[in-house]
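Just one chain is shown here, as structure tokens, and it is the form predicted alone.
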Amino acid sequence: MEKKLQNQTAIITGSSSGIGAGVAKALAREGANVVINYPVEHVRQDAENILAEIKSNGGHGITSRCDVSKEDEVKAMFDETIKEFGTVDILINNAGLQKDAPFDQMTLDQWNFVLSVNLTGQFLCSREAIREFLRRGIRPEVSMAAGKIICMSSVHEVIPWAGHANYAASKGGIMLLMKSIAQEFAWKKIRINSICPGAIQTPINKQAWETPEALSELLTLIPYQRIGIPDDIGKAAIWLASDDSDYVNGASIFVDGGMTLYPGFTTNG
């Protein structure tokens, strides 16, 4: 059976662990060459382990070190990918982080660090991807679109989050960055959408689900009554990256078990 992303190449930023790793594995299962991006040398082995798992299952890819907040490193990652695979068809803007603090105690460094990775990183990577899509144009034997970008946002592009103002602001910014460039380049057959995860079971939020008590408290926020897993996001990414969603552009797809459904009102408020 033909795989949905056969003969396409995808860069997945921040894919040495967590959601990014899950998305990389999912895209590789559907035939994409995957670029496993990691930001700093001490997590290189994590990226290599993800790539080894993908290759053991018949997939193809490379690893690439790049801090997405640095323009020269982003350009180098795209150059490396194009040299290896000829082009880039799909960008998954997944790299992101938190530096939490009460707002009145938040430092400028904490604010700038989160915005530089979460938002500026998506700008820099999207710009390079769009430049490549415009240079290459549509390959109709591969995809109906000239290129696809999936921005990893969050339920917090719409849900305020006290104590996390820098993170929530970055995700709100991603929403309008995504919609603005989707509008700007739709006529060139470039599709740009967002996935907005809710609570996903990854090491970064282990304290929220590792004990029965913590999980029970978390589930009060999730009407569907289960925590998500990275493959939930991977399946959504496959759909958005494939021609199955060719008429979808500029959309925020919430994969959250209903977290954005105001669960506090399930008992009439």
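Since we're looking at a predicted model, the values are computed, not measured. Residue numbers here begin at 1 and follow the sequence given.
The form predicted together with a small molecule exists for this protein as well; it is not shown, and the discussion that follows is about that form.
- The stretch from 55 to 63, 240 to 248, 37 to 45, 24 to 32 that comes within 4.5 Å of the small molecule in the predicted complex, counting heavy atoms only, is 37 to 45.
- The small molecule in the predicted complex is approached by I200, whose closest heavy atom lies within 4.5 angstroms of it.
- Not displayed here, the small molecule is approached by S17 to within 4.5 Å at the level of heavy atoms in the predicted complex.
- Among residues of the shown chain, S154 is one whose heavy atoms approach the small molecule to within 4.5 Å in the predicted complex.
- Taking the partner from elsewhere, L221 is found to have every heavy atom lying beyond 4.5 Å of the small molecule in the predicted complex.
- This chain is drawn without the small molecule; in the predicted complex, the residue among L134, M175, L97, V158 with a heavy atom within 4.5 Å of it is L97.
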